[in-house]
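Only one chain is included here, represented as structure tokens and corresponding to the form predicted alone.
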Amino acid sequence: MEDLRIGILGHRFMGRAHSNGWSQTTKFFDPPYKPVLQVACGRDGEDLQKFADRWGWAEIETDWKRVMERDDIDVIDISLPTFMHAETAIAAAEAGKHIFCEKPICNTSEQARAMQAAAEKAGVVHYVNHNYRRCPAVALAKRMIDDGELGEIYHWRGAYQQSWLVNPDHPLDWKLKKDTAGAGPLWDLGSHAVDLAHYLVGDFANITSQGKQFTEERPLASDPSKTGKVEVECAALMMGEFKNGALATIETTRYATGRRNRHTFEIYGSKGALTWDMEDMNRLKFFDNGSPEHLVGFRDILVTERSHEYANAWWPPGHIIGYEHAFVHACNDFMHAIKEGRTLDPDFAEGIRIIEVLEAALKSMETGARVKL
């Protein structure tokens, strides 16, 4: 099996998730390449070395530009904060490296278009890691919708709710500053929600949005006795219409007390309905409008059978998988895309479409007007 040599930028939460994804592919799938964890890059050399030793990265580097210059790297895995995505992705494309980029794609649609142009010019595979598409239950929802089992889609109701900012002592980090984060949960969590809406229902025609700031200041990480200004919204509500006529609502918040990582959707159509919750990710709920009266109601589909996409690579039916497995699926699909010389959804073009929706929501939040797409 031919080697595919990976250079990863970033070694915190997403660096761990991506490292596990690459490491597990050959153990459960049959990718066309053997992923080689060649070099890990980060700013803190001591922590970086611990990360490399734990996850099996052969070398470390503290200057990402030197990673781009190396001839022994085929793929750049961008696991950095969002504000660093554009510069590193463009440099990777110019160096002829395939690009596996964490979401959101970047902070502006202008940056995203520059990323796509560089990647297309270089002829490299480019992918934005909206990994929830690769949960078996979401893949089944896509198949059922495409097969017409829901009929005409009327409503999409999405939410991505977390609770970590309920803690008043949480410091002012990069996700709470506009220049580094782009926006608050609208950007970070909303990108996932919009991606699944695009994937399962279609493109948006217009958006309206309202944001709310519950906390104006946070302790500084460097000196908790001092505070700094929170520059982004704490929660956002979006309402919109798809080009196919369906209506949508999306809630994003980090103030949903008790919700650790609840990413959910409800889809209502003329023939049926589907609901899914990431916190119960192996279960898809389906309402069949054609059921006999005595059997009316939502039924659970445990998406672990061999016939379900991705599930046949793992455990026997009923033996559930978890959050980390979608990263393995993404790494495997990415390697197949390279081998077959094709794109992998969502690519940078789809990343642009997502960010345009988020920018429209920000504009609506500022002006109070409905924004057309």
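Don't overthink the numbering: it's just position in the shown sequence, from 1. Fair warning: this is a prediction, and the values are worked out from it, not measured in the lab.
The same protein also has a form predicted together with a small molecule, omitted here; what follows describes it.
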item	value
Contact test in the predicted bound form: Trp156 vs the small molecule, heavy atoms, 4.5 Å	no
Contact flag, Phe265 vs the small molecule in the predicted bound form, heavy atom cut 4.5 Å	no
The small molecule contact at Phe204 in the predicted bound form, heavy atom, 4.5 Å	no
Exercise: Lys103 in contact with the small molecule in the predicted bound form, heavy atom 4.5 Å	yes
Stretch in contact, per heavy atom within 4.5 angstroms of the small molecule in the predicted bound form, of 265-273, 189-197, 136-144, 234-242	189-197
Selected contact from Asn261, Thr215, Asn167, Ser222, since only one has a non-hydrogen atom within 4.5 angstroms of the small molecule in the predicted bound form	Asn261
Option touching the small molecule, based on a heavy atom within 4.5 Å in the predicted bound form, out of Gln162, Ser109, Thr208, Thr180	Gln162
